[in-house]
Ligand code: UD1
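The form predicted alone is given below as one chain in structure tokens.
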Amino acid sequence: MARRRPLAAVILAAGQGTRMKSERPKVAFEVCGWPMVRHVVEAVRGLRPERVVVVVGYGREMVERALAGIPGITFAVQKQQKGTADAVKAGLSGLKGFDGTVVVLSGDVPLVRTETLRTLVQRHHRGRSAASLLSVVLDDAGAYGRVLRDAKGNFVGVREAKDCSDEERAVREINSGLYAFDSDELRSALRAVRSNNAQGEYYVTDVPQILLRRGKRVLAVDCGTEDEVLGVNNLSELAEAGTRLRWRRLEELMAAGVEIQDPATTFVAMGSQIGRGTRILPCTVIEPDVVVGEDCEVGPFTHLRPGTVMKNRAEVGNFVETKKAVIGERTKAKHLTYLGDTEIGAGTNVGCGTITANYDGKNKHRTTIGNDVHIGSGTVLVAPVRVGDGATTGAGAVVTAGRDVAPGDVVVGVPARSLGKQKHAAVKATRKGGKR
């Protein structure tokens, strides 16, 4: 069995993206809950590379923030925007001493899949190629560069659309701009790239041609799909990429046993986890860093924000918003409720219109609600505050900061005052077995 060659990746993320009409760098725009460059990084990380170098330039700080906390990434700076070959050369500065295969791809192709990149690398190795480019066959090749092959099907070059003959323009196989290179061959070829073009820039697309002229083997690997080469250059293409990725995400969840009643109105971001048997009802938004357990119910019109954890069989419903909230097993919050910086135990019912008032104008504070608690409709819990196991708040109660509700106690009024634990048994008896 052949030894696996070391693998590294260079991701080009230095451009501004002027057609986005924004001061924000293009690759920092979000697609399905993640900055688009993160999608590319995660696809590459699926290959388990030894090193990943992200080339930054315009808006460097924003791009680095977008990738903060992701392990195994280093950054290289392209000081001037002098073309893609110059950007790759900057990226190689972060791969000093590396000998192996280098995958090169752009940070603005958020739909690229790990599986496709793996196929490209495997074919590159099997073919003992100096360079391999990912190609895709499109119904309409449009303005993409055409992949040219000889009568035996061997790759002979890439022709830009504007330079194609009528016969070449009819070719439907295009260059995606994603590559695998032998590291030494790449370094050598980059030294030969010239800027004798209308833009006066250095293009990585020249590298395969240079290697071919040197008698090296170059492959065009037709293994991609149309959406994987969908680069994002303007806000319309951003929306298109988001739609495609959202549907891909929902299809993956449904295949894993998550019931999504109306995919057309459901948004589930990358970086969220949803357990088998959970039902997601229409008009639901689930952001990154959300964990939903098994056999839960979410929606309709629910917004789960980062830091939310729903344990098994929990339910949240109409116009409920959560943020950094832990919702215990079998706990329900079904209507018009805000749960921010909150932890709720098991078997609790949160009544319609409940608010955990977590912000005092300067700082956020936590609310803790125990097991088997009954929160009456319209209750306001002013954090920091704790409601003990088995307690009850009356409708419209305002529990002020620091005035904790003791286990088993019943509180009512504004501000909330105790009716005593002796009332609690009767209250529990009247609702035992009733609908929560």
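Computed from a prediction, not measured in an experiment: that's the story for all the values here. Rigid core here is just the name for the largest C-alpha set that superposes within 1.5 Å across the two forms. Throughout, we count residues from 1 along the sequence that is shown.
There is another form of the same protein, the form predicted in complex with the named molecule; it is not shown, and what comes next is about it.
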Inset, instruction - Identify, from the list Ala314, Val136, Val204, Ala180, the residue with a heavy atom within 4.5 Å of the named molecule in the predicted complex. - result: Val204
Legend entry - Heavy atom contact within 4.5 Å of the named molecule in the predicted complex, the stretch among 261-269, 188-196, 210-218, 83-91: 83-91
Legend entry - the named molecule contact in the predicted complex: Thr74, any heavy atom under 4.5 Å: no
Inset, instruction - Answer with yes or no whether Leu12 is in contact with the named molecule in the predicted complex, where contact means some heavy atom within 4.5 Å. - result: yes
Inset, instruction - Would you check, heavy atoms only and a 4.5 Å threshold, whether Asn154 touches the named molecule in the predicted complex? - result: no
Inset, instruction - Examine Lys26 and determine whether its closest non-hydrogen atom to the named molecule in the predicted complex is within 4.5 angstroms. - result: yes
Inset, instruction - Determine the residues of 337-354 with a heavy atom within 4.5 Å of the named molecule in the predicted complex and present them in sequence order; the list may be empty. - result: none
Inset, instruction - Take the rigid core as the frame of reference and indicate whether the C-alpha of Tyr179 shifts by 2 Å or more between this form and the one not shown. - result: no
Legend entry - Shift of Ala141 between this form and the one not shown at or above 2 Å (CA, core fit): yes
